[in-house]
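This document opens with one chain alone, in structure tokens, the form predicted alone.
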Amino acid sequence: MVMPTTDALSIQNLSVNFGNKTALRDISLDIHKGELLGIIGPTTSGKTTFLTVLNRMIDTLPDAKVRGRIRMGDLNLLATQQVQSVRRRVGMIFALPVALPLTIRGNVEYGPRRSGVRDPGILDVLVEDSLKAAGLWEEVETRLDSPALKLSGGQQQRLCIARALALKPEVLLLDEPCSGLDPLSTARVEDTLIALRGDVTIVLVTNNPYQASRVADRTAFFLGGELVELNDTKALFTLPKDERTQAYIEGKFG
């Protein structure tokens, strides 16, 4: 895959503290527009904290102190007061599927309706396009008005991706999206992410390094709140530059 020449996000000297505890320490990296960036590392390495900063969910934690700069074009994401706008542009998918207690259609329409979209024709197009992009349309097109909570776990996770895509985000963050899924559902989610890259920038946090090796264009290794190494995925997994990266990939810790 040919890398884009522009960046979706540019992170400079990002640090996060919770009281006296450092969660992230001086992180700097650029996330290329249209790429699928994998982030690996053991539990408590700072991966999830990194995601919550990117779409300002960190704001909901009163003891968090954030320093640094994140640029998205001309916008400094950490300085803007338009937090809801940031979260529309930078969507997030969580480890466990969080389907709303609505119909399948209602889940996908939820964000656009809250943003003021009311035209039935526009909503119909958004629903179909988003479900197709999430790889779910063929499985649900005849039951859009059925309860979303009756879908399987893997289908609900792809529905959550469709719900995020309906707002047409520029960046999609995923925090362990396959952690509770069986291998078949995991494969379908991974296929969806591979199909989406290029159209949307994706940042995938995973505790499973093999998942990153399968789907990511580049992979970053976090450890103890620090960015240890960032490289093309094949290079990072075959010729890591840092012995800590090598040890983690080989399963010696984590």
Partner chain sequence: MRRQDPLAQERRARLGLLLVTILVIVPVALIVGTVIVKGIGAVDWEFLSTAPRNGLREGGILPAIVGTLVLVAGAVLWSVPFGVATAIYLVEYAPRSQIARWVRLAILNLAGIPSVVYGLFGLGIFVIGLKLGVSILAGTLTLALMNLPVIVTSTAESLKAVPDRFRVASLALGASRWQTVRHIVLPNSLQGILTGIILETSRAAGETAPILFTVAAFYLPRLPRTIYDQVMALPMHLYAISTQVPNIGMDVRYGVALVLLGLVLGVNAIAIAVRSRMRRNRIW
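Everything quoted here is computed from the prediction, not taken from an experiment. Numbering follows the first chain given and starts at 1.
The same protein also exists as the form predicted in complex with the partner chain; that form is not shown, yet it is the one meant from here on.
Undergrad: Decide yes or no: are 23, 54 and 153 jointly within 4.5 Å of the partner chain in the predicted bound form, with each residue judged by its heavy atoms?
TA: No, none of the three is in contact.
Undergrad: Of 132-140, 119-127, 102-110, 74-82, which is the one stretch near the partner chain in the predicted bound form, taking non-hydrogen atoms within 4.5 angstroms as near?
TA: That would be stretch 102-110.
Undergrad: With the partner left out here, check for me: in the predicted bound form, does some heavy atom of residue 173 sit within 4.5 Å of the partner chain?
TA: It does not: once the partner chain is placed as it appears in the predicted bound form, residue 173 has no heavy atom within 4.5 Å of it.
Undergrad: My question is simply whether residue 168 lines the interface with the partner chain in the predicted bound form - judged by any non-hydrogen atom within 4.5 Å.
TA: No, residue 168 sits far enough from the partner chain in the predicted bound form that none of its heavy atoms falls within 4.5 Å.
Undergrad: Can any non-hydrogen atom of residue 43 be found within 4.5 angstroms of the partner chain in the predicted bound form?
TA: Because no heavy atom of residue 43 falls inside 4.5 Å of the partner chain in the predicted bound form, the answer is no.
Undergrad: Indicate whether the partner chain has at least one heavy atom within 4.5 Å of a heavy atom of residue 164 in the predicted bound form.
TA: Residue 164: yes, in contact with the partner chain in the predicted bound form.
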